[in-house]
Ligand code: GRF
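One chain comes next, on its own, written as structure tokens: the form predicted on its own.
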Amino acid sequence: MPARLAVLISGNGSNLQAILDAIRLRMLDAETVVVVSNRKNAFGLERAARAGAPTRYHPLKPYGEAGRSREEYDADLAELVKEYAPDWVVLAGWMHILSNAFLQQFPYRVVNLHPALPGQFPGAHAIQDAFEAFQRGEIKQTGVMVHLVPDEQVDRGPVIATAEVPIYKSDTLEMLTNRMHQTEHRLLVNALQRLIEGD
């Protein structure tokens, strides 16, 4: 039985595409049972539709406008995702920090991809932060990690896989970003397959 993946995205969806491609090429024993975006125009929704994966749009803005809390948003998001009975929930460029209202519905089954090594550069600007740290002479390389999300800490949790990414003197931020994305795509697929196999 292929593992059932719910993938949460906010943007372009290149990591989602890596998952979809790996499934199509039988490199990942899984199926994408739903792709959820908090942004209506996220290109990842188009990628999902092309691959025949169900898509859902779950915006935060109406909650704020109605005076409803982030916890209510996350609880409703959890209910939406639970409709698809996923084995794993994969955060592939999901730009919200999830509260326990969501996480407690999927204990140790939420997987996050973060473009930094464990304990380094948490948050949404990790690649830029690493690039600037390199320019200051503080680091020689950065990397990517895939980890479980057991609680509300940002970019922390049991690490499933890491990969180091060198930074070169000739790099621009764009060059480093491209190399990071290539590493992300590989690492995410490998980490998911390890989780599915129970390694």
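Quick caveat: nothing in here was measured; it's all calculated off a predicted structure. When you see a residue number, it is the position in the sequence shown, counting from 1.
Note that the form predicted together with the named molecule isn't included here; everything after this is about it.
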Q) With a 4.5 Å heavy atom cut-off, would you call Asn190 a contact of the named molecule in the predicted complex? A) no
Q: Classify Met95 as contacting or not contacting the named molecule in the predicted complex by the rule of any non-hydrogen atom within 4.5 angstroms, answering yes or no.
A: yes
Q: Would you please decide whether Pro115 lies within 4.5 angstroms of the named molecule in the predicted complex, comparing each non-hydrogen atom pair?
A: yes
**Q.** Thr183, heavy atom within 4.5 angstroms of the named molecule in the predicted complex
**A.** no
